[in-house]
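Below you will find one chain, with nothing else, as structure tokens; this is the form predicted alone, and questions on how it binds or moves follow later.
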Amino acid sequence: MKFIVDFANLDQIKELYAYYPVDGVTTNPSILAKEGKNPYEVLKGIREFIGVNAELHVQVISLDAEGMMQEAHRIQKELGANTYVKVPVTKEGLKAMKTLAAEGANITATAIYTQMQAYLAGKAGAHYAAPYVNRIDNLGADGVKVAKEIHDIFKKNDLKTEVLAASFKNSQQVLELAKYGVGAATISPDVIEGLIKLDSVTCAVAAFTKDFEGLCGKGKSMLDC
């Protein structure tokens, strides 16, 4: 499962890249709005940092297929042809996906709440389909289950589309999909930090340090003992 950051603040992206094995960055209009800058200024900074070959996902805003395609062309022009264009799975979105796929564009189908949305996106040529795990939970359904079933639908129907699970609230949701082997997960920084933040780990490391310093002296390590 690819491990992708769902964020647009470049400083925080750099910090996450320094510590975690990150495969790319996803953004959406709400995330970009939080930066308070021109979207392309933010996105170009991210692209420059992660490199031309890393995954960068950018969403269109238009509601009609023609507008979506025009936005997609500019996104590719500004950020590189390998940038993944995020297109909501609506009727107009499916129309846009079919044309963009025929052009060879990388497509991430987004705003997915149902298995059938994902199936149709896969048939339309999307490379990724992004079910909103926690938002599905908030509607009274099971987001993890929906993401797993989408994964199975793609495999059983011989579609090359992969799940890019999004909208997580906790590490357990991420774990369940990692165990299932879905294609990718895009995760916000606060949830990423929670993946390894355990009091038991902190206590264990503190005990090891105390025992070693009792042997070799305070502040000593395997470098200078």
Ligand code: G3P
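Here the structure is a predicted model, which is why all the values come from computation and not from measurement. In case it trips you up, residue 1 is the first one in the sequence shown, and so on.
One more form of this protein exists, namely the form predicted in complex with SN-glycerol-3-phosphate; it is left out here, but the text below deals with it.
Although the partner is absent here, S171 is not a contact residue: none of its heavy atoms lies within 4.5 angstroms of SN-glycerol-3-phosphate in the predicted bound form. Under a 4.5 angstroms non-hydrogen atom cutoff, SN-glycerol-3-phosphate in the predicted bound form lacks Q70 among its neighbouring residues.
SN-glycerol-3-phosphate in the predicted bound form comes within 4.5 Å of a heavy atom belonging to N28. Looking at R135, you'd find a heavy atom of it within 4.5 angstroms of SN-glycerol-3-phosphate in the predicted bound form. Heavy atoms within 4.5 Å of SN-glycerol-3-phosphate in the predicted bound form belong, among the stretches 114 to 122, 98 to 106, 77 to 85, 127 to 135, to residues of 127 to 135. Contact residues in stretch 163 to 180 (any heavy atom within 4.5 Å of SN-glycerol-3-phosphate, taken in the predicted bound form) are A166, S167, K169.
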